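Coming up is one lone chain in structure tokens, specifically the form predicted alone.
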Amino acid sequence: MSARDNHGTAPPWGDEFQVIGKRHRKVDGLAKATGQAVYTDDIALPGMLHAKTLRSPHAHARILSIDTTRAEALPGVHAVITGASMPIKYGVIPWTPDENALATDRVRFIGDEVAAVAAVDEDTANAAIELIDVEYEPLYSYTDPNESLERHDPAIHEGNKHGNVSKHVELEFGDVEGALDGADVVVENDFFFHGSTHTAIEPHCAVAQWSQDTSAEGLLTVWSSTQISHYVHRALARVLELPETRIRVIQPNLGGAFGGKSDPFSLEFCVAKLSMLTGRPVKMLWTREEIFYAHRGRHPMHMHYRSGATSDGKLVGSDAKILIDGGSYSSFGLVTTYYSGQLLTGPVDIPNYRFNSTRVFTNKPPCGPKRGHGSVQPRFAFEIQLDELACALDIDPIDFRRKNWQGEHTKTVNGQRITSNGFMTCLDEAERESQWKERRGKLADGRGLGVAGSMYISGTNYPIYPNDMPQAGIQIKVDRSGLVTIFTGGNDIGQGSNSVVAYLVAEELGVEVADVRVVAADTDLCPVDLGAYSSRVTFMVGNAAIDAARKLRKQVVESVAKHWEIAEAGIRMGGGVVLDLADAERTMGVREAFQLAEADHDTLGSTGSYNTPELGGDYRGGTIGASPAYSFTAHVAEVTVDRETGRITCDEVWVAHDCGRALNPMLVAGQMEGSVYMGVAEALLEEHDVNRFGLHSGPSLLDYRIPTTLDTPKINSLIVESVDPEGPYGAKEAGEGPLHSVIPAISNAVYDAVGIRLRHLPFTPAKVLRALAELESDQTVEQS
């Protein structure tokens, strides 16, 4: 379906829902809670070998030679592979294929994959890795993005016509210089958003089995803890030079991802190749340290912003210059560079806007998408500047945002189409629940409140590789017993996407959720879905599920109407029964209804799909960041700042999020709370710190600090339902948007508490103490 063929904000029988809007457990919740759920590392196949990776000790070096003789001779070793085994490059973005499964000619960061071993157990594989002899020629390494921008010899990627520049985007909408020149107040600052990583509970893991039982050509099956099984399928075919029909990719239960599993990774190729060579199943499980080096975490960004407003509080323009540290490979970097500017133009209206974003390569772990991909960093800078403008004009920061609200059913300055927009309600809810008017600026010294807002996409306008096929597909099979089975290529990464399709189909077909089964993320069994990224699953897979369910429901209603000799409009399905609306005594179980339909229409099944309409501005890159709908969020944070130690404690957060219709309020609230948790962690604790030699300062969960329950603030989730005209029953995303503005809200709360502006993340005690000392020094100078 296209978004124009909207399948409704309500069920076909009216406004009353049977399933939607109610609290339900996840369809896999009990299995996960009891330990019955199978994750990739739980898979143990007969004769399975274990694989390990040899990683580079150099940040940048040429590989002169690799000798695997000693490793191959070790008892228990079945195979050793190097870059020569898989020389074809790949990349999740088809225009930037710059990665090898194993390094071929050079290594580009400490931890880059060089060789892999398959052995009878992990200990033997680890011992074999130590016996591989590699001769390196160290090269100059870049760990400062400014240096990568200025110096191109040696280039990190030879042949890149732009030296060490990965991507550059410069776009201007309106007359920015004229607007800022005419502004009554202009603020101009430098900001830094540090790198951070995902710290999913489940490490990366992959298992491969090469079998020639099914055909002479062989069949490769790969189980992977991925959130993009379709793209892994494509990448395996490319690198291994196998037909896609000979590859099957299955995603088992996933223990968290947050964007960190949205690239194809070296281990997936390695286990596949090793299984093909040995004829035995092969598993590779990365250690936590390996994950810190494989990374793909949040891009560090150096940002310079100028923003201006009139004396009556109207924003006139904003100008951004952004330098992005991309690490050693492209990953999603092309999209990141666009996202860093394109996703800032709401929920407040920016009449004149310019951004100049440059992503550069460095000899550090490659960066990629992390929750709120590409737009969390600029949102941090911009929302602090809005607070500064409001304070300079002596306008309440919430009122300042109200005054500049862009409205709904409109277009942004860069051509993005806004449909439903509940931002004003979000502000109202956060203001009321936090008692903002009564408490801001009136708390005891060291305590303060801060506000910030944001918007985020509900799905991307086009797939990573251009095509006209559906972006999401669903198949439904109905059994005579009354069981409904849904086949979806969507990746459930813990957010509950399998549950969402079950709720939607149960609502449409009038069955109990318990009578719905979901088969997901198996490329042999399920229609293509592009994966769990950019908050696309609820909107796109949800609409596809409604499409398929309504086609099937039409057949069932038609058969029941014929059987009862009444009009189809007089039939309602819900709660496991079919009702005659004109005769309360006449009912039929859905099982019987399905059997009637099967007798009339043959074996019952249907398909559904979703594609976005044409969206975005008419300029190069105008479709990147264009979305069929946008979610909106307002955060109020309350903090305490200890003037003696510099420690910031985030005491309480109010998050009001416009998710369209909340299909399951319990899942929505869970996503909101998880987003706040992650944002608070990035503000106060987390830092993926790589030193000037390319070494991570602490690649373990002992050294990389994430909040415990004692560090987590009280979180108040305030669900706002704007009911989008094109979302499934009006739903929009809730998984990434609720993160963005909590970080600037904390910074703005610190200003309310002690009068300092924190513009460089993370907000460590040392930075707080330094800012307090500078403030005291400035006040002393003013008094003298």
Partner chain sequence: MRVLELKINGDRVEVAAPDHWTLLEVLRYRLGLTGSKQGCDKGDCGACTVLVDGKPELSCLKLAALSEGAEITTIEGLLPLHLQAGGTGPDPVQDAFDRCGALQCGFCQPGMMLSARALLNECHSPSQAEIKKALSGNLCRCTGYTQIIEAVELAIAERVGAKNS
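Residue numbers count along the first chain shown, from 1. Quick caveat, the model's predicted, so the values are computed rather than measured.
Separately, the form predicted in complex with its partner chain exists; it is not shown, and the next lines address it.
Residue Leu285 is the only one of Leu285, Met86, Val176, Leu323 with a heavy atom lying within 4.5 Å of its partner chain in the model of the complex. With the partner omitted from this view, the residue of Ile493, Ala208, Val501, Ala634 that lies near its partner chain in the model of the complex is Ile493 [heavy atom within 4.5 Å]. Residues with any non-hydrogen atom within 4.5 angstroms of its partner chain in the model of the complex fall in just one of 190-198, 340-348, 599-607, 306-314: 190-198. Proximity of Gly163 to its partner chain in the model of the complex: non-hydrogen atoms within 4.5 Å are absent; the residue sits far from the partner. Of the heavy atoms in Gly35, some are within 4.5 Å of its partner chain in the model of the complex.
In the model of the complex, its partner chain lies within 4.5 Å of some heavy atom of Ile715. For Gly29, a non-hydrogen atom is located within 4.5 Å of its partner chain in the model of the complex, even though that partner is not displayed.
For the stretch 707-729, the set of residues having any non-hydrogen atom within 4.5 angstroms of its partner chain in the model of the complex comprises Pro707, Thr708, Thr709, Leu710, Thr712, Ile715, in sequence order.
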